[in-house]
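Only one chain is given next, in structure tokens, and it is the form predicted on its own.
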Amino acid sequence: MWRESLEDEFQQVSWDFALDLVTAKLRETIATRGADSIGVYGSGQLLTEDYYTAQKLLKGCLGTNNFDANSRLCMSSAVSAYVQSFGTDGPPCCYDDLEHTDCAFFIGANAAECHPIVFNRFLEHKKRNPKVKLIVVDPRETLTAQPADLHLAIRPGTDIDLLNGIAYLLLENNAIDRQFIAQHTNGFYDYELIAKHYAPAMVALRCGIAIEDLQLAAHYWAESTNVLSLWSMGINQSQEGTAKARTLINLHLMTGQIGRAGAGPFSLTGQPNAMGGREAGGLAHLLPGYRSVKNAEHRAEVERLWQLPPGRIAPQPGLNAWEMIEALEREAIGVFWVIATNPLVSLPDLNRVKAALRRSPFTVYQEAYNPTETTAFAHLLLPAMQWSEKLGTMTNSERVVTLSQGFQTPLGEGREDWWVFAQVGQRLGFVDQFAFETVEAVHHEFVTLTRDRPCDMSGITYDLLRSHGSQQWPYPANSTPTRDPKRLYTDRRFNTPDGRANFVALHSRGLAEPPDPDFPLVLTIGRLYGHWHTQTRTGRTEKIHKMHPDPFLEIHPRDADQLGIMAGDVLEVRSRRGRCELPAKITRGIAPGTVFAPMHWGALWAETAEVNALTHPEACPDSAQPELKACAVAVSKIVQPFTDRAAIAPEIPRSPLTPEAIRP
């Protein structure tokens, strides 16, 4: 469907018309502004073959690295931490470690709601082995925290204080592995000097926890044979995201808790194929096979394999997700292509994002669902197949590659995402580069680029996956199929030039936007058990409507009393960037001074409940991941009635022919 401007009605068009239009717009913007005037924003919903074909089109054939994905909002801090500490990306653990650990340390991860299969698997292990400990670090008493042996309800932004405080106590009690440190790591001396500044009294005061609880956390870590740490958005979505993850990895390095069953730092991926996207080069600084665009040798390898002239791949990273918004603001982007994600709910500072998207000369939106909040800002809608309708591979958090085999008849005119990129590539004249007749041919070419790389999948074929089931990388050619899990770094050698892992010595910086007298509370946001991916899918499920009928704001009774708030009162929540209206949910399950709101209620599903209108884009300098988990807000009671989701549900546009119902 296409329209000339955002003020026009959508008109149905053919695939040939749509693909020719995209091709013409790309040619036009390249001719008038250069290739870097193209911005493509993808998603961990894509299959690996989709991701790979897009990289070949953008970074190879067109010569711009301006492909980023919503993994930038999700996993990029974990990526940076693994690369800096171990020399390369890739979680070193596997899911079997959940059943071998003596102590699970969940920090910034409400796994009971966001990774329930993982968490329930661990709980079954804990029930069979009551001595196994569960430590949960979270400002909220989540479903993950409720069964914990120790819940550390720290203030937002004090993660590094806590982790350095645990390190202080491990050092004080000599509960470290000095042989491992000496033989397999760099930088411990500088880290030790930093940790000695984090005495228990100071850390407890900063974090807002009891000294005894800090000491107990260190005791559990010291007394456990195998410690497994698991983290997600609460660590990654921060201006200190990489620093937090690396400081957590420090604890594993100083105690030798890595490379064996039940131990290691395990980042929990937020989307089904965020790992596959990283392997295929699906961030603005990456190339396929865990290569970097800044590495001349890496660029030359990919150019040779893609049969492109030397120097075609640009040597500098492309625009990341937020930089694309800034580029739209200054009218430096001529084509903005959004695929399988909904940035008009998920990006920070939404009012600014909306204003930027209104300036886009041509926005393509390629998605399986319509409408979403982003539909209102698109000129061209391309219908994509869902995973259940197509064939391709995904990689999960433990590096296991699965062949996803469609089991539903594709709806309407939906097409595979890789096919769309390949068709555009052919129309632009790159016929040889996109001569794929099947998705299996795409996969074969992709795994060829992983040969001899840390994520080597050169031995994985569709036939192998069909006959022997999912397989875990590394899986070089001539490997033997197995279901036994593999852990990285079992030989204590890391992917750094000298084979040693790297400590990092960092002080805590705290929040990018701390509270002040005008905005005295810290808002943290997250998801609920039944919500996912901004409700593009789950919002259309009646059972989930009943499970989560309305948005809300969790607030501690102490803060509610000071503000004269009663349960159910409608609250105005303001930040320096925007406002929303949410009913009050008073609970002791959140730390005083902190409030919580779920982030999935966009404009389609509730009125004035877009909490990302409040958040800011300040980001980690290493990963460029925004600090979506914390911003300063003011809360006050209002008297106007709250319009809940149930009341507006009949008005939600369901037909793909009526996206004008949510025009900006």
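All values reported here derive from a predicted model rather than from experimental measurement. Each residue number is its position in the shown sequence, starting from 1.
What comes next is about the form predicted together with a small molecule, which is not displayed.
At a distance of at most 4.5 angstroms from the small molecule in the predicted complex, all three residues Arg140, Ala368 and His533 contribute at least one non-hydrogen atom. With the partner omitted here, the residue from Ser224, Thr185, Gln271, Thr255 that has a non-hydrogen atom within 4.5 angstroms of the small molecule in the predicted complex is Gln271. In terms of contact with the small molecule in the predicted complex, the residue from Ser229, Ser80, Gln239, Ser232 that brings a heavy atom within 4.5 Å is Ser232.
In the predicted complex, none of the heavy atoms of Arg451 sits within 4.5 Å of a heavy atom of the small molecule. Taking the partner from elsewhere, Lys59 is found to have every heavy atom lying beyond 4.5 Å of the small molecule in the predicted complex. The small molecule is not shown here, but in the predicted complex it comes within 4.5 Å of a heavy atom of Gln386. Looking at Ala634, you'd find every heavy atom of it more than 4.5 angstroms from the small molecule in the predicted complex. Stretch 377-385 is the answer when you ask which of 171-179, 311-319, 377-385, 289-297 has residues with heavy atoms within 4.5 Å of the small molecule in the predicted complex.
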